Structure formats: structure tokens, C-alpha cells
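Below you'll find only one chain, the form predicted alone, shown as C-alpha cells.
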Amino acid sequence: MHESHPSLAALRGRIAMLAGAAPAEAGRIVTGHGGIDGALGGGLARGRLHEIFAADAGEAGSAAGFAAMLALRARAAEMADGDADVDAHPGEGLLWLRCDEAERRGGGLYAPGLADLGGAADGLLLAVAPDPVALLRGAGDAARCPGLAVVVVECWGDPRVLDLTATRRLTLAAEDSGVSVLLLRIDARASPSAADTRWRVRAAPSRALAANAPGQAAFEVELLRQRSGIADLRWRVEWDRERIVFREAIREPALPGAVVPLPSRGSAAGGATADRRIA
């Protein structure tokens, strides 16, 4: 549910940003973005189920990219804790599960692209299931595997088997093993779920680098829900592939004094009467 007044949402976002300066709690995966980490109590909960929704079907690539980056961040956090008690932290593997339908509608995953995000292509395991039933069965088994750091489960549409009971099973498996599970939902509607957090993702303009080179990947992300804590918060973030973290996206300054003629009626090409408005 959205805030009834935009200033209230902005105030809550500011409080979350200030809270981001606090140290991360145990069992949290620090994203690197102060506002997000503050809103989540120190970072994304490790060993839990998290849902990532594309804002619409056209944002499938953006949602998948965001899920891949979160997976790399989770894996990096596990590697940093490698000297900790092996029973308290799972392994370092990254498994991506998807259905045949995802292959048909979204195309095959390009593993070398993981290297462009700062990961290692040989660190990715890919498995394709014939249908949603097999997908969820495989996800449950993978979530119990101590050799994995994170499991991405990509599901298109709204299969009947992906209900509250199914997400509870995934949650229990993740909590028992410490393996983080990212449920990537494409062309789907939100429904009752046991997930710890729910996100909605869409692409955002990136900031150009030197010589007008393409900038880092940027997203508009919205925290729709979390089981214990504030939600309905939005941020614009970009990915730092060198440090494997998210950071606040720097917005390009608006063009000063740009004047664009806009017709009061009819098309922009033919109007005899036009209002001049400051863009």
C-alpha cells in the first residue's frame, strides 16, 4: 500500500538512509546502499526467501540483472565470512534455476555476462526444469544444499503450484541451511507469500562515464513488503562491479533554462498556438 502523502514516504526514506550508518546485524548481507541497508535493519536477511518482481514483462531483463547482482553480493558476503564457523555459513556456489518457458520467452542466460557484473562465469551453475512443479522441487532441494551460497529461482507467470505453502517450504529450507533464495517473478502478479522481502524493479537511466561511455547499470527499486519493518520505499541504485555492491545512483543534472514549445492542442508539428513552458 502506498503512502497517502509523498512527504511521509520521503521522511521514512530519510530515516532509513540515516539508519544505514549503523553496523550490520549478524545474519545480514550488506548491499552497500545506506538507505536499503538501513530499511532492512543492516542488510538483506541471510538464509531467507526474497521475491523480486519485474515492474512489467518488458522489465524482465532489469529484474534478472538485479537478481544476479543481489546473488553476487550474497556470494561475496559468504566468501568474506569463509573463515567463520562452517556450520553457520553455507558454501560459495551460485545456482540459477529456471523453466523451459523462461528459455523460450526470455532467451538463454549468457554466463560470461556475469563477468561483466564482477562475478566469475565458472561460479554459476544453471539448471533448467521442464515445468513449475519440477522447478519448485529442485528449488527446495537446492535450498537445503550447504555447498551453495544463493539460489535464484526464475519463474514466469502465475503457476498454481507457486502458492503460500510452496513459499513456506522454501523459507523453511533456507532458514534451516542458511542458503539465501531469490525468487525471480517475471510477468507475474504478487500473491500471498512467506518471503522475507518483496521487491519491484525497473530500469533507470545510467550516468555516462568518460568519453560518453555507457555507465553502470542503474535501477529504480521499490521495497514493497518486508515481514518485520517498514516498506513502500523507493530508491535509485547503480551497481559497482569493482566492489560488488550497490550504491546511490547519481542523477544527471537537468538542462538549465531549456525552453520547449508545446502546442495547446493538436500535434506538435502543426499548432498555430503554442504555450512556451520551462522544461
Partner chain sequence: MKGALRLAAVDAQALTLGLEPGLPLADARARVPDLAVADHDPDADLAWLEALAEGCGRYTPMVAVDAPDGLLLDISGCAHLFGGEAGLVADIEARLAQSGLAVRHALAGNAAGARALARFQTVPAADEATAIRRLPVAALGLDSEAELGLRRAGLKLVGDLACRPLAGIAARFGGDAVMALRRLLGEADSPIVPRRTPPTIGIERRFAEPIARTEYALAVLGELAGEAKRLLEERKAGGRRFEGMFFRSDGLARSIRVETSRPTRDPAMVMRLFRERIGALDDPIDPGFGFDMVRLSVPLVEPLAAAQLRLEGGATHEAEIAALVDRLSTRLGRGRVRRLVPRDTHIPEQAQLALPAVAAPPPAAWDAAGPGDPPLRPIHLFDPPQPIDVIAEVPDGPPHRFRWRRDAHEVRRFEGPERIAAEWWQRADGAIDRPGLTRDYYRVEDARGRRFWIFRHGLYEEKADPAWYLHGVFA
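Positions refer to the first chain, counted from 1. Note that the structure is predicted; figures quoted are calculated from it, not measured.
Heads up, the form predicted together with its partner chain isn't pictured, but that's what we're talking about next.
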Margin query: So, a 4.5 angstroms cut-off on heavy atom distances: do all three of M79, G157 and A174 pass it with respect to its partner chain in the model of the complex?
Written below: no
Check: in the model of the complex, which of the listed residues (L164, A134, A190, V161) lies with a heavy atom within 4.5 Å of its partner chain?
Finding: A134
Check: its partner chain isn't shown here, but in the model of the complex which of I230, L224, A64, A45 has a heavy atom within 4.5 Å of it?
Finding: A64
Checklist line | Interface membership of R168, its partner chain in the model of the complex, 4.5 Å heavy atom rule | finding: no
Note to self: Given that its partner chain is not shown alongside this chain, does R198 nevertheless sit within 4.5 Å of it in the model of the complex, heavy atom to heavy atom?
What the structure shows: no
Note to self: Taking any heavy atom pair closer than or equal to 4.5 Å as contact, tell me whether M69 reaches its partner chain in the model of the complex.
What the structure shows: yes
Notebook entry, point to check: Quick one: does G27 come within 4.5 Å of its partner chain in the model of the complex, counting heavy atoms only?
Noted result: no
Next item on the list: For the stretch 118 to 135, return the residues whose heavy atoms include at least one within 4.5 Å of its partner chain in the model of the complex, in the order they occur.
Entry: A121, D122, G123, L124, L125, L126, A127, V128, A129, P130, A134
